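Coming up is one lone chain in structure tokens, specifically the form predicted on its own.
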Amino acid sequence: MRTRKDISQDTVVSHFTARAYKYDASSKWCTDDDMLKTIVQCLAPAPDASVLDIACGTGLISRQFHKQVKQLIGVDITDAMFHKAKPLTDGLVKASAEVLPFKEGSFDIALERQGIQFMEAEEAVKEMARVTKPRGKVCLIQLCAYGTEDQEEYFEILRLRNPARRNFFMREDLANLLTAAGCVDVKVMDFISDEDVDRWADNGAIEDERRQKIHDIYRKATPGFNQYHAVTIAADGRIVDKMLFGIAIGTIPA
């Protein structure tokens, strides 16, 4: 895991306040039915389950579980994102994921999607595990580099797109975070999302110069990068990247 130490919580809140108005439409993966169905199928919550959605944002994950389980609680720190999720939860809590205001073993499932990249990841995942019941599941869903061949270019693309991003992941980082938090039977599966880079980069919170730098990296991408991302550049200049999400799930021991 590559980590930046110069990112404050205020920086994260400012970034997502700027993005809130167009967040849901800012990437294909945000509302991708296949990804959302995959997450639900992997976690297979019982009707009487209690689910915790960390960094719930506008509630895109919350809505998949709301009214399908006994209780869905969302946690976030950004008001502009947070309040959009209100109708999609059974309760919202404004709190830092690194210090969750819940008792040990409160939930059957704790999950996050694209949240711990902006946090002290180790502390946040340990807290997710702490508030999850024995035999419950902890799930991390994050954009990842495919391997050493693409990580330098990809991490720079992700940094440019998200100035508030603290952590940059490989698949094995997600597994290691879960294991370090005490989870067992940890598994990581891949989900590939074909993302239009213009749509993905135009997130409402970065300037044109950053978007141009992202385009330049794709146009000059090394063979190692293209080997995995299979970048296509259309005649009109539009770029499509096969982005990798790691979906990592661990179980709290009995």
Ligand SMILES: C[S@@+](CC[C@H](N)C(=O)[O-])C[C@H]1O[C@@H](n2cnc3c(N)ncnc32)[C@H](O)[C@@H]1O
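The numbering used is simple: start at 1 and walk along the sequence shown. A quick note: this is a predicted structure, and the numbers were derived from the prediction, not measured.
Form predicted in complex with the ligand: not shown, discussed below.
**Asked** If we take heavy atoms and a 4.5 Å cut-off, which stretch out of 130 to 138, 117 to 125, 149 to 157, 174 to 182 is in contact with the ligand in the predicted complex?
**Response** Checking each option against the 4.5 Å cut-off leaves 117 to 125.
**Prompt:** Is A97 close enough to the ligand in the predicted complex to count, meaning some heavy atom within 4.5 Å?
**Reply:** Yes, A97 sits close enough to the ligand in the predicted complex that at least one of its heavy atoms falls within 4.5 Å.
**Asked** With the cut-off set at 4.5 Å between non-hydrogen atoms, does I206 touch the ligand in the predicted complex?
**Response** It does not: once the ligand is placed as it appears in the predicted complex, I206 has no heavy atom within 4.5 Å of it.
**Prompt:** Do A201 and the ligand share at least one heavy atom pair within 4.5 Å in the predicted complex?
**Reply:** A201 lies outside the contact set for the ligand.
**Asked** Any of the heavy atoms of L52 lying within 4.5 Å of the ligand in the predicted complex?
**Response** It does not: once the ligand is placed as it appears in the predicted complex, L52 has no heavy atom within 4.5 Å of it.
**Message:** Please tell me which of W29, Y218, F191, Y228 lies within 4.5 Å of the ligand in the predicted complex, judged by heavy atoms.
**Reply:** Of the candidates W29, Y218, F191, Y228, W29 is the one lying within 4.5 Å of the ligand in the predicted complex.
**Request:** Please pick, from M170, L88, L92, I77, the one residue with any non-hydrogen atom lying within 4.5 angstroms of the ligand in the predicted complex.
**Result:** Going through each option in turn, the one that passes is I77.
**Within 1 to 32, the residues that have a heavy atom no more than 4.5 Å from the ligand in the predicted complex** = Heavy-atom contacts within 4.5 Å come from Q9, V12, F16, Y23, W29.
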